[in-house]
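Encoded as structure tokens, the following chain is the form predicted on its own, with no partner shown.
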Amino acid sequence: MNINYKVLTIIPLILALLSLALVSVHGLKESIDVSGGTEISILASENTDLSVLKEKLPDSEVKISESSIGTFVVIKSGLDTDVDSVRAVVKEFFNVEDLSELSYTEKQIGSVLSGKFWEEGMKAVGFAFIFMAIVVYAIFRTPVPSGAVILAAASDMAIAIGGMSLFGIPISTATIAALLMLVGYSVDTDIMLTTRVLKRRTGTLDERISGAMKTGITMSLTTIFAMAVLYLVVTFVVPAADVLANIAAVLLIGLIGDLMLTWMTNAGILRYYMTEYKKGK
């Protein structure tokens, strides 16, 4: 069955729009890096039952985190939660008079600092896109292929953010860095494809796209495999390093989206540009 390449071109774009719709409805989970709050970690016994603690702290995230050092109870509370009442519940739960009797750490991030993290993160993403767009246009100097590369990178980021909303991956300074890395990964394969199609003179259009596809898919699958291994190792061997798992998960979602956007959307736009747009001028 022959499927019109124009149909294939728009499928990833529809997925990107659905991702944005999901984010607008479901929202994004925020880490205390960007929303502010308090994170408390207490070294505890391996079989600690958290059900009572969760009941008494309904507005906080309470979980067990395993590491090579031991088992930690981790409590994350937002800015609207009274930290003193959280500390009182912790003392009662562990039956101690003072928190110094526990192996206890506390990290607090205020609203000003978290707001600064968020502002700087958004600026970094914005500047990355602007400079990426300038470089791409400087390389190809034609609006349609350059626009296709930028569209693919923006849609890839939309799919990654949609995946974060779907799977409850928090937006944090670490996941913002992962989104920035994704811009680089996405543009990498798109520039390679566009260069092969526009600047190579050997072979037919199909042969140039096919050659680029073999190289690009090999590159992407290698990185996807590496990120999948990182995610599994962190999840099952060192779950305390959940920041690394979040970075790997964002890159995995984005790289899978990038496969579709590069080889369906960007390749489709380039095919249209070479076979219809240029001939119509």
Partner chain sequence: MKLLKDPKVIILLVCILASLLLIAFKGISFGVDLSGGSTIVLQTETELSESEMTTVNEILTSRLNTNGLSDVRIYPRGSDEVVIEIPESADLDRIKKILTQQGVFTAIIDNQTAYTGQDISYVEEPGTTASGYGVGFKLTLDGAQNFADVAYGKGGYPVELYMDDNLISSPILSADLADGNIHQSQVITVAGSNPTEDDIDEAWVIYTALQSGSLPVKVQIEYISSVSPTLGSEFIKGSVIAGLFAFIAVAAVISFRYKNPKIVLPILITGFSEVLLILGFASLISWKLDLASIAGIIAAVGTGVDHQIVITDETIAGEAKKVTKSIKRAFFIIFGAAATTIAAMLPLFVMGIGMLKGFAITTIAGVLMGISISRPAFSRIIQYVLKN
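Positions refer to the first chain, counted from 1. Everything numeric here is computed off the predicted structure, so don't read it as measured data.
Same protein, other form: the form predicted together with its partner chain, not shown, and the subject of what follows.
Taking the partner from the other structure, its partner chain in the predicted complex has a heavy atom within 4.5 Å of a heavy atom of G110. At least one heavy atom of V135 is located within 4.5 Å of its partner chain in the predicted complex.
Interface residue remark: F94 is not counted as part of the site for its partner chain in the predicted complex, having no heavy atom within 4.5 Å.
Contact annotation: F236 falls outside 4.5 Å of its partner chain in the predicted complex, judged by heavy atom distances. Heavy atoms of every residue among L43, E106 and L244 are located within 4.5 Å of its partner chain in the predicted complex. None of L230, I256, L28, L57 but one reaches within 4.5 angstroms of its partner chain in the predicted complex through a heavy atom, and that residue is L230. In summary, among the residues L151, V74, V89, L102, the only one with a non-hydrogen atom within 4.5 Å of its partner chain in the predicted complex is L102. Shown without its partner, the chain has K214, T215, T218, M219, L221, T222, T223, F225, A226 in segment 207 to 226 as residues with a non-hydrogen atom within 4.5 angstroms of its partner chain in the predicted complex.
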